[in-house]
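In the block that follows, a single chain appears as structure tokens, in the form predicted alone.
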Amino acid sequence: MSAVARLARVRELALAGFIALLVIVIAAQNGDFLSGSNLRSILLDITLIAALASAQLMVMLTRNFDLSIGSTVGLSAVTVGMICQQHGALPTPLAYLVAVAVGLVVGLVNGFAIARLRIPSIIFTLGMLSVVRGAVYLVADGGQVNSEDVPAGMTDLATGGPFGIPPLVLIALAVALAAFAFLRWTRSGRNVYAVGSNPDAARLHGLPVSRTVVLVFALSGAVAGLAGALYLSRFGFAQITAGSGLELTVIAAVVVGGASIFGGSGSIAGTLLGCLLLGVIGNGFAVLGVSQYWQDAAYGALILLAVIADARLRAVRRPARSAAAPKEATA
């Protein structure tokens, strides 16, 4: 294992330790924090974030950002809800497929524009955020999706389940595991890391850089569409503001989980730990009656600490590469 990989592993272990310490401190203040119902609530709260963050990680590994995911969640949720409202309840698998298809269209538009037209992702997806949000208003036509419009089969996914774990949580876990398998064991997944580490070198080695960028944005859009269906299942309704602000929370989770904002570095395990940390903070502050403003401040502080840690890690990586270069030259 390389020095950089060891530092990343230590960072994940430190994050896990900090989460454990935080849980102990909050539980000492309020014993209900560790109750079964509250732990289940934490898992449900981070379901959307975990699924979205797993896909956002792949985008960020290629040195890009997808700021349109929150709006895409809203569009897919409202689209499915309005179809059910106007044409009757859809079978749950079909409802989820429709949601994924809606998100996939948005992701493909993002991917082709960014890869083919060379538009900076942060600019294009920021514009798409507004465009898609406008589409939500058009689809909703001034209305909203009410609880009676959502099929019972969808809302049932937020209750029960094996060992008391709701199926929604298992769906999000399946997305994370699929992302892990994709990044670790497929050629396309390895290309994602190579493109993010050095796009120019990746092109010189004949790697499909543009195709890889399109792929990760398509996956991000599809998962955002899936998250829209998860949103309907979790809350049982959807307004035109559904998904607003999710993109910032998701990026925060990925960065706190150890992904580099400069691409090429990050893991699913760290990302899930980042999601869990944000979930524990949000729920713990609510249990303790701490103001929402302090929660936002805590999120901001965590992002700053993560960026500083990433800068230090990059500083360690540069001398290591410099030391290796002469050896390679003389070999």
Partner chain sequence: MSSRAARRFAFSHEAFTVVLLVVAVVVVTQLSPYFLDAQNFSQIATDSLEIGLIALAMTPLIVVREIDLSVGSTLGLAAVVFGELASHDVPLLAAVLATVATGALAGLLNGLLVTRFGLSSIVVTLGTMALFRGLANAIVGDQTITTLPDSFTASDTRYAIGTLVTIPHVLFALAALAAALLLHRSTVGRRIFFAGSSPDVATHSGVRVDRLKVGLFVASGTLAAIAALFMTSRLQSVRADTGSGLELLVLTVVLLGGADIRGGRGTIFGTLVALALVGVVRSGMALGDLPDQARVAVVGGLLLLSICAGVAIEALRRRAAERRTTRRIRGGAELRPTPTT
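Just so it is clear, the model here is predicted, and its values are computed rather than measured. Numbering follows the first chain given and starts at 1.
If you look for the form predicted together with its partner chain, you will not find it shown, but the lines that follow are about it.
With the partner omitted here, the stretch from 272-280, 40-48, 290-298, 23-31 that lies within 4.5 Å of its partner chain by heavy atoms in the predicted bound form is 290-298. Residue contact check for residue 248: one or more of its heavy atoms lie within 4.5 Å of its partner chain in the predicted bound form. The closest non-hydrogen atom of residue 101 lies beyond 4.5 Å of its partner chain in the predicted bound form. When its partner chain is considered in the predicted bound form, residue 93 lies well away from it, no heavy atom lying within 4.5 Å. Among heavy atoms of residue 240, some come within 4.5 Å of its partner chain in the predicted bound form. Though its partner chain is absent from this view, in the predicted bound form it lies within 4.5 Å of a heavy atom of just one residue from 108, 126, 165, 173, which is 126.
Residues of 137-153 placing a heavy atom within 4.5 Å of its partner chain in the predicted bound form: 137 alone.
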